[in-house]
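Only one chain is given next, in structure tokens, and it is the form predicted alone.
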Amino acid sequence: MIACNWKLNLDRGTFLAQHWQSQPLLIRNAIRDFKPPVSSDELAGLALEEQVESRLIEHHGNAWHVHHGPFQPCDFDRDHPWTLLVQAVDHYLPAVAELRKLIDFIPQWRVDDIMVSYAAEGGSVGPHYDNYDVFLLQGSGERLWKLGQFCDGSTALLPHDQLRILDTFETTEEHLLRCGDILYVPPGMAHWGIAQTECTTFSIGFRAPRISDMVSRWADQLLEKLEPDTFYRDAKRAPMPRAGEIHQRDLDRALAQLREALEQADGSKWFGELVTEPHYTLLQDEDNLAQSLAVLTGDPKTAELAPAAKLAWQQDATSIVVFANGECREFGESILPSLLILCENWCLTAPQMKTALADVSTAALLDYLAESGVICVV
């Protein structure tokens, strides 16, 4: 793992209390002496690859046009202003993944990915809003950001099959970002970036499960525990004076029985599994996996967190539940010291590995993480 030693010029407590999920924040010179970890040429090279998700957006003829990768070099020779967006660059370039450490005061399971964009002068993806938080870190060049109104599902959009371009944009603020500046934009806030020169932008995006998905996962876990042959009961009911009526007493009785059933939903693994599910297909290299498992039984030097890994944990009354890429497993509490180091530093050094492997539960944890593609052991 590459160590870039970047530091974010931000009062974390004030930010979380006053801005997170509520108000935008401009951070001038957020990263001093920032040197973008990927160039526009390197970004274009990634967009040529089959497994990398990329889009090219341009505006001409009073219409927005979207093209999907993989691209050819000739696709970047255009007469109109255009923007190239490459998703999950942190999954492919460890130096870009290091940017996630800037926001380590927010749980890593809340981080989605780092999208990197290149824009020719005048390039833009149009006025839009997102349903997640984003830190917009300016790389090379300059980009003007306009902030607008808060939006929701009822906000009017222009007709388009693939883009959510706002029908109306009400500018409330404007900020010109230069290399090392950051603009934080909360969910739902309209924003519109326009390249003033050729430029790159690093978008550190967050993930938030839909409430409907949370209800679905929670209900699935509950249904696994419920006895299927338990039925609605209405013993000692009063005679019904009007034929066919569902009386309020019937509804009250049904709701009371539902509440009784819901009290059985005491597990919480569903949440950790949901928030650590990868959004992109993880290509597991069987050779690397076999090598990691073999090294674990020998004399491993280090274990590094994979850039695309989704790792989280929670402590129960008698165990530690570890979530790895949407799956989970329980371990003894002795794994906690090594697990904390891995989550904080993204790696275990040789001495730390020696200590970890001396504990049976922690050795089993490392084996599980290697099999899940969360760590690479060398």
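Note that this is a predicted model, so its numbers are computed, not measured. For every residue, the number given is its place in the sequence shown, counted from 1.
One more form of this protein should be noted, the form predicted together with succinic acid, which is absent from this view; the next part is about it.
Chemist: Within 4.5 Å of succinic acid in the predicted complex, do we find a heavy atom from each of Glu58, Lys146 and Thr168?
Modeler: Per the other structure, none of Glu58, Lys146 and Thr168 touch succinic acid.
Chemist: Tell me which of 255-263, 130-138, 238-246, 302-310 has residues with heavy atoms within 4.5 angstroms of succinic acid in the predicted complex?
Modeler: Comparing against succinic acid in the predicted complex, the contact stretch is 130-138.
Chemist: Could you work out which of His191, Arg217, His91, Lys101 is the residue within 4.5 angstroms of succinic acid in the predicted complex, going by heavy atoms?
Modeler: It is His191.
Chemist: Quick one: from Val125, Leu274, Val111, Cys179, grab the residue that has a heavy atom within 4.5 Å of succinic acid in the predicted complex.
Modeler: Selected residue: Val125.
Chemist: Does succinic acid come within 4.5 Å of any heavy atom of Gln221 in the predicted complex?
Modeler: No, Gln221 sits far enough from succinic acid in the predicted complex that none of its heavy atoms falls within 4.5 Å.
Chemist: Against succinic acid in the predicted complex, would Cys151 count as a contact residue? Criterion: heavy atoms within 4.5 Å.
Modeler: Cys151: no contact with succinic acid in the predicted complex.
Chemist: Is there any non-hydrogen atom of Gln87 lying within 4.5 Å of succinic acid in the predicted complex?
Modeler: Output for Gln87 is no: heavy atoms all beyond 4.5 Å of succinic acid.
Chemist: Given that succinic acid is not shown alongside this chain, does Met115 nevertheless sit within 4.5 Å of it in the predicted complex, heavy atom to heavy atom?
Modeler: Taking the distances in the predicted complex, the answer for Met115 is yes, it comes within 4.5 Å of succinic acid.
Chemist: For the stretch 185-207, return the residues whose heavy atoms include at least one within 4.5 Å of succinic acid in the predicted complex, in the order they occur.
Modeler: Sequence-ordered list: His191, Thr201, Ser203.
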